[in-house]
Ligand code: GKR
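As structure tokens, one chain now follows by itself in the form predicted alone.
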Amino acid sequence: MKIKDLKVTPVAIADPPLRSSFGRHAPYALRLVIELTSEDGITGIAEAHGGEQALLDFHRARDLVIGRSVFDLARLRQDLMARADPVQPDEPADDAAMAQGGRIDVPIRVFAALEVAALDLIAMAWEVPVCELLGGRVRETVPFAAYLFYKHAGGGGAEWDEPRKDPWNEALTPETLVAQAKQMVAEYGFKSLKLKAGVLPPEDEIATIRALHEAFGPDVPLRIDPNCAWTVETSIRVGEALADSLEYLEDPTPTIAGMAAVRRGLLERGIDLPLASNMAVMSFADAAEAVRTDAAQVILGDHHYWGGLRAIIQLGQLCESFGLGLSMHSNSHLGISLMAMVHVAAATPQLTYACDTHYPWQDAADEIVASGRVPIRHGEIQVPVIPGLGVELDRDALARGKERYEKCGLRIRDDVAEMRQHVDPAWERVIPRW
């Protein structure tokens, strides 16, 4: 089957004013919808990070895609890598670079989306679910964790758009975070909780985890992720304070060396608290040093960043080889990305922790899959048995998403600008801050 057409559609989806060490979320998150169509009229779909530069990156890849066999994925990856701009030594190799459309991961990010669309196309043609192409399912449902955020009041979006309600309310204290968690668990049945931290002073975030632990008890695993907002010393102090409450501590401080120092400091205090990472360890190139220095005991994979669904299968095998845990990272996304996560999680035996997802924060009015919102029940998503990813595009909803993109004016994610506009005109992202 040869690929006849590549279509890339930019969309914007309303995003609430959530907080992280990066700043404050803009009123819209930007995504791309990728469609690959074969000569016999079968279309596979994927979803990727959006923005003007990302859109251009996919358009530049068009000549490498059209006319190629949909099975020719290994050489497509090679061709994309060969065409990539050389990496500049002063470019930051961290999640901030990715969030801002950093150049380092461009060919991998482009390939990842093209691979998902190609696998969806193949699975549709062969009338099997995508997970069957990845080796077959080892689980029928995939567990996800509630993703808790400090947030300001508001549901995202703009005045010209359809009104967005704010069912979650402002949450900037331990008490309001507990209320948010109870509401999310009641609605979706999540059995584990993750707090996005790096927003308030560490003492306040310690108090939040302790309040969650008291409210939900020892049988509900808790995680905290300050996105590198803490020094090594602060990370050790927080880890020591929360050792009895946490399932793992995620990216408390920058760099593999910093994470390794936190690990050593905790072990010296008799605390064997796993450290998790999707910022210090964000590619296969990082894995060797991370293993050598014991910098991370859990890796959060993300098929958008690591190079597609098959790369996550390989990551699972790597984790098994070195005795590491495996979870999945998330960003603001729609149902296509969510279902891609479900399929690869279904086919990855080494997935030992519930996956992250921002999905509950996205407004149902912005969903672009024809079946509407993907249901999360008892904290899990059912692995589809129908062909492909299990979702198809709602063309009218896709058109509305594109119109929203064109009208919103955002072309790159900039959480710092949002902080300066709405919270503090002088705010700067400082890593580490505390």
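The first residue of the sequence shown is number 1, and the count goes up from there. These figures come from a predicted structure and were not determined experimentally.
The protein also exists as the form predicted together with ligand GKR; that form is not presented, and the subsequent description refers to it.
- The partner is not drawn, yet in the predicted bound form one stretch among 285-293, 351-359, 239-247, 208-216 has residues with heavy atoms inside 4.5 Å of ligand GKR: 351-359.
- Ligand GKR in the predicted bound form comes within 4.5 Å of a heavy atom belonging to S330.
- Among heavy atoms of D105, none comes within 4.5 Å of ligand GKR in the predicted bound form.
- Ligand GKR is not drawn, but in the predicted bound form it has no heavy atom within 4.5 Å of T9.
- Though the partner is left out of this view, D225 does reach within 4.5 Å of ligand GKR in the predicted bound form, counting heavy atoms only.
- Checked against ligand GKR in the predicted bound form, the candidates K151, R263, H304, K196 yield a single residue with a heavy atom inside 4.5 Å, and that residue is K196.
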